Each structure stands twice: as structure tokens, then as C-alpha cells.
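Read the single chain below, which is given as C-alpha cells and is the form predicted on its own.
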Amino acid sequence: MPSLLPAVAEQLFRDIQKIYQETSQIPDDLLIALKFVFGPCALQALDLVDQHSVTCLSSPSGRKAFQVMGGSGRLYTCFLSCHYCPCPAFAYTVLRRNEGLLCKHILAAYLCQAMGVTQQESVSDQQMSMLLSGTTAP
């Protein structure tokens, strides 16, 4: 599946992954690049990463969804495959005003994956179907 992110963002995540694996830190130059590419939500996303707020739900059929506990305490189910988050910031800033690439929840999921710090949880295919349909959360 082709990436939906600009090449510069993809490269930034690859650089973070490589350096974080070696040093367990993100250097200042990459933090500045994150802020430049993603704007104000970069710092908020890093805060969510620090708080271990991202969980990857995966089912036996290979479907994945990310649940991110927002700063307000609300749980958002995000889909990286189509860059969707149900949060108000995504609807307003990303979709309506086209002022950002991602919301802080989706960015936090990408960062957790790059850093290898995503919490993992297995769910059944039925639970994933219910999650995708919005009828219940696992």
C-alpha cells in the first residue's frame, strides 16, 4: 500500500526509528524537524508518547487500529491506513481547514511505531469488527 504521507514525513519517521534504536533518544535536530513538518501538534503528540497513551489493537485477520488516550481522558480510535481520527482537531484542522497533515493522536501513533514503544493488544476478529462498526470498544 502506498504511503499517504509526504516523503519528508516518511523520511523523518525512518530517521527517528534508526536513531532511537541506537540511542533511546530523539535528538534536538529531529525534534525541530518534527515541529517544522507537523506544527504545534508535534509537542502534544510527544507528550502522548511519553504518557504511553498509544495502544495498537490487532486481530488474527491482520486488521489494525490504534487507540490513543487523549489529554482530556477520552479514548480515540485512529486508523493509520487511511489517516483518520474521530477527534475534533482532526475534523477541523486537518479536514476542514487543511492546516495540518495529522492530529496529535495519529502523529503519536506514528511516533510510537517509529520508536518501538507502542503497547500491543490482541483482539478477536469479532471485537475488531465491532470496533470498526462503532458498536463497542474492546
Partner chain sequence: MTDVLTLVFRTFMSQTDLKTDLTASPPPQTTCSALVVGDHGVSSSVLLLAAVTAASQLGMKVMFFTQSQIQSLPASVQKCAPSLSPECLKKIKFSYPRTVEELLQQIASLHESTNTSPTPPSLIIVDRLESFLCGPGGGSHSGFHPGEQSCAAHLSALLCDTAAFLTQILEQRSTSSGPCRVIASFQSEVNTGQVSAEPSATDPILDVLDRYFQVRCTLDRDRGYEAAAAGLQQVWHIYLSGRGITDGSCTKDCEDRTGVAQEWQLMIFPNDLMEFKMV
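Numbering follows the first chain given and starts at 1. Whichever C-alpha set is largest while still superposing within 1.5 Å between the two forms counts as the rigid core. No experiment lies behind these values; they were computed from the predicted model shown.
Separately, the form predicted together with the partner chain exists; it is not shown, and the next lines address it.
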query: Is A114 one of the residues lying within 4.5 Å of the partner chain in the predicted complex, judged by heavy atom distances?
result: no
task: Flag M128 as yes or no: does it have a non-hydrogen atom within 4.5 angstroms of any non-hydrogen atom of the partner chain in the predicted complex?
output: yes
message: Whether N98 contacts the partner chain in the predicted complex should be assessed with a 4.5 Å heavy atom distance threshold; does it?
response: yes
message: So, I32 and the partner chain: in the predicted complex, are they within 4.5 Å at any heavy atom pair?
response: no
- prompt: Of 49-57, 86-94, 68-76, 22-30, which is the one stretch near the partner chain in the predicted complex, taking non-hydrogen atoms within 4.5 angstroms as near?
  reply: 86-94
- prompt: Out of 5-32, which residues reach within 4.5 Å of the partner chain in the predicted complex, heavy atoms considered?
  reply: none
message: Does Q127 move appreciably between this form and the one not shown, meaning a CA displacement of 2 Å or more on the superposed rigid core?
response: yes
